[in-house]
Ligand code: PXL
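Heads up, the chain below is alone and in the form predicted alone; it's given as structure tokens.
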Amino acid sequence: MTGGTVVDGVELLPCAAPGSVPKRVLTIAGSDSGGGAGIQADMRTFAMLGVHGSVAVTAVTVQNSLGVTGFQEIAPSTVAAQIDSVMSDIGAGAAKTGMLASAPIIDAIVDQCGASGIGRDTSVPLVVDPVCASMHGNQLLADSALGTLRDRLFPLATVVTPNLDEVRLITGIDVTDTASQRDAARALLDLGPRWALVKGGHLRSSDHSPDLLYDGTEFVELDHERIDTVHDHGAGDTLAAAITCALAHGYSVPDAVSFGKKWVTRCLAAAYPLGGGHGPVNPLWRVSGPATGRA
């Protein structure tokens, strides 16, 4: 599908004319007080891609570039009410999930998404980014919620986008090469999503970042250069957010994932240091001029 303007080598999504209603998307995720991941990362990508983003906050984290020191869950009924409030008035062309924290929150989201017409068999596709831990290893999903994630949320997903650590937690498969990556994709698809994306960014044995997309029939390989930077906070959120935006524009899942991969690669190349730890990927490259090199 043809996009909009080409900026710094990336063909962006079409933008609505001034004064007209842009595409709308919804993120159901946790808040990052450091601004690098979570709903903050989602909203930055939504804005830079010209869509209107609405939010349903699941948890508030205490977090900076060094890690997560705590979080407070939002009441499941309030999470569901946020989704209902947005969808009954503003609506959305696609939605995504991020940090979901607990089984009761996941149950509330699944029930409300069903009532609001969000999910794989509806006109509002759902991207599930199964956030289990922060990049620093801080747990963001209760152990007791893994089963609920697999059994209830995955069957609702249009596409799931786990990294390799999340793949290991969810399927028990340790991805080390192409063969095990394909095994993981099959195992994820068996849990019910329409498509499974096994991200290869953590596959350090490769000098590239090989992602694998699978729908039960076709394997789609997406291979981009690995960006040499330690500043990759929010990369998974940013990828899933870009995929969500593309789906809202009517892209097929393979085209949406391909777009998201190009977008996050460019965001990684523009990443910047922030605080004393891992800085964030940078969707702001969209308005800051041509690339000047890697972070």
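Numbering starts at 1 and follows the sequence shown. Keep in mind the model is a prediction, meaning the values are calculated, not measured.
Just so you know, the form predicted in complex with the named molecule exists too; it's not on screen, but the next bit is about it.
- At a distance of at most 4.5 angstroms from the named molecule in the predicted bound form, none of the three residues 161, 198 and 211 contributes a non-hydrogen atom.
- Contact between residue 49 and the named molecule in the predicted bound form is not found at the 4.5 Å heavy atom cutoff.
- The named molecule is not drawn, but in the predicted bound form it has no heavy atom within 4.5 Å of residue 45.
- Not displayed here, the named molecule is kept clear of residue 267 by more than 4.5 Å at the level of heavy atoms in the predicted bound form.
- Among heavy atoms of residue 54, none comes within 4.5 Å of the named molecule in the predicted bound form.
- Screening 185, 118, 99, 153 for any heavy atom within 4.5 Å of the named molecule in the predicted bound form leaves a single hit, 99.
- Comment: 60-68 is the region of 222-230, 258-266, 239-247, 60-68 lying near the named molecule in the predicted bound form, near meaning a non-hydrogen atom within 4.5 Å.
- Interface residues of 28-46, taken as those with a heavy atom within 4.5 Å of the named molecule in the predicted bound form (partner not displayed): 30, 31, 32, 37, 38, in sequence order.
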